[in-house]
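One chain comes next, on its own, written out as structure tokens in the form predicted alone.
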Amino acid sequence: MLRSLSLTARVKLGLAAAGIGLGVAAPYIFDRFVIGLISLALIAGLFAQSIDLLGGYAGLITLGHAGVSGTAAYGVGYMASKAGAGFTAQIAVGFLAGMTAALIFGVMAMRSDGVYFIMVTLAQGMIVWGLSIRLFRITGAENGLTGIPRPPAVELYWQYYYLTLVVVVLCWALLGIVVNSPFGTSLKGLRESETRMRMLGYNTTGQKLYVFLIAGFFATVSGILLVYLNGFISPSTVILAASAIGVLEAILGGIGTLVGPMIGAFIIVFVQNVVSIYVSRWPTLMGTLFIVVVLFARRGLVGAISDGWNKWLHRNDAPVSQEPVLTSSNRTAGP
């Protein structure tokens, strides 16, 4: 069966198998600190993928998506630290809070596009940040909500890592189904020309709401995973920078792909938490990295690797020219 696949498909399958194998073996290879960073990168990658579903596939760049994931995290945090509810109630309220925020955001933004969509989502994120500061009795203001324990079954760091890995892989698979479905194809049409999609009979306003809800679902999952990973939630989770970093992760890795945002998330988490220990001016390093990618890899790292791979295949698979060689024995006289 493998022989019937193209070389590119076999390479992708091999990389996917290697990635899953490394993910499963990671707790046996790395220490607790590294496993924590990998868990954080997986959650950040899922959040960036939800942004990429909007920006890369539907052409709707959002700068307030952290408001959705943060609202879900605050829902979990409030039920855990203020209400003293059980884990089932915590997760249920977190999902309800995150999806409610996604619905409200989607209804507010679905009639806008381009720069106006960006401005609307930016304002939405700032509203959530403002509420997280002012609603002291619910959010704890600047101090946030602390003392949020993990469920007993995944209390240990390696147990929670495996839970995160399974949830992220499942969400990745669901995202793959979405983008490869007829709805996903219509999102690409929306990205290319909303006017043409309307002329073809599509309800583009409804499409925007649907994709916002789907992206909000995955952002909600990432928010719930994050609050249990850290054990606290604060306004820094919903600030503009949190949404902007998600956008940058998608652009760095390759917007319009599912693997690109995950790669970008791993790079940025590594730079923020490891390189920053040894390099005091690590933001300058990160800025330089983004500039290089924008200038020389417009489609991100995944796009650059894909282009290089295709060129290598074309160079190695190019047929040898069979044109006859012009010699004195077959040269004919001209008119």
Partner chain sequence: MRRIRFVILISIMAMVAAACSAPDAGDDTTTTAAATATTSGSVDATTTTAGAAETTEAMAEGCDEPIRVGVLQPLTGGLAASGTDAKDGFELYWANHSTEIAGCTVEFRVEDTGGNPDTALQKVDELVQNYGAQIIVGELLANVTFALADRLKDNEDVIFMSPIGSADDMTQRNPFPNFIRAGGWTSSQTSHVLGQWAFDNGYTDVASMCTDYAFGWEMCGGFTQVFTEAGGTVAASEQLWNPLGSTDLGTYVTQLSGFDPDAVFVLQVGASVSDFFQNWSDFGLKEQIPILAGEVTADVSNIRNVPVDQVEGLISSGHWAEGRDAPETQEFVELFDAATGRLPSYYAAATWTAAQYIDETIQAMNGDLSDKAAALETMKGLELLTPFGPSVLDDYGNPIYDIYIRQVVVRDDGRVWNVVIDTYNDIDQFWPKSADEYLQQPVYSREFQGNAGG
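Positions refer to the first chain, counted from 1. Note that the structure is predicted; figures quoted are calculated from it, not measured.
This protein has a second form, the form predicted in complex with its partner chain, left out of what is shown; the following refers to that one.
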>> For the three residues L96, V167 and S186, which mark the spot I'm curious about, does each lie within 4.5 Å of its partner chain in the predicted bound form through at least one heavy atom?
In response: no
>> Give me the residue from V221, L229, L175, I263 that has a heavy atom within 4.5 Å of its partner chain in the predicted bound form.
In response: L229
> Quick one: of A26, I305, I267, L37, which gets a non-hydrogen atom within 4.5 angstroms of its partner chain in the predicted bound form?
Replying inline: L37
>> Please identify, from 87 to 95, 209 to 217, 140 to 148, 176 to 184, the stretch that has a heavy atom within 4.5 Å of its partner chain in the predicted bound form.
In response: 140 to 148
> Quick one: is L248 in contact with its partner chain in the predicted bound form, heavy atoms, 4.5 Å cut-off?
Replying inline: yes
> Heavy atoms within 4.5 Å of its partner chain in the predicted bound form: does L301 have any?
Replying inline: no
> Taking heavy atoms and a 4.5 Å cut-off, does F33 contact its partner chain in the predicted bound form?
Replying inline: yes
>> in the predicted bound form, does S280 come within 4.5 Å of its partner chain, counting heavy atoms only?
In response: yes
> What residues, if any, in 232 to 246 have a non-hydrogen atom within 4.5 angstroms of its partner chain in the predicted bound form?
Replying inline: F232, S234, S236, L240, A241, A244, I245
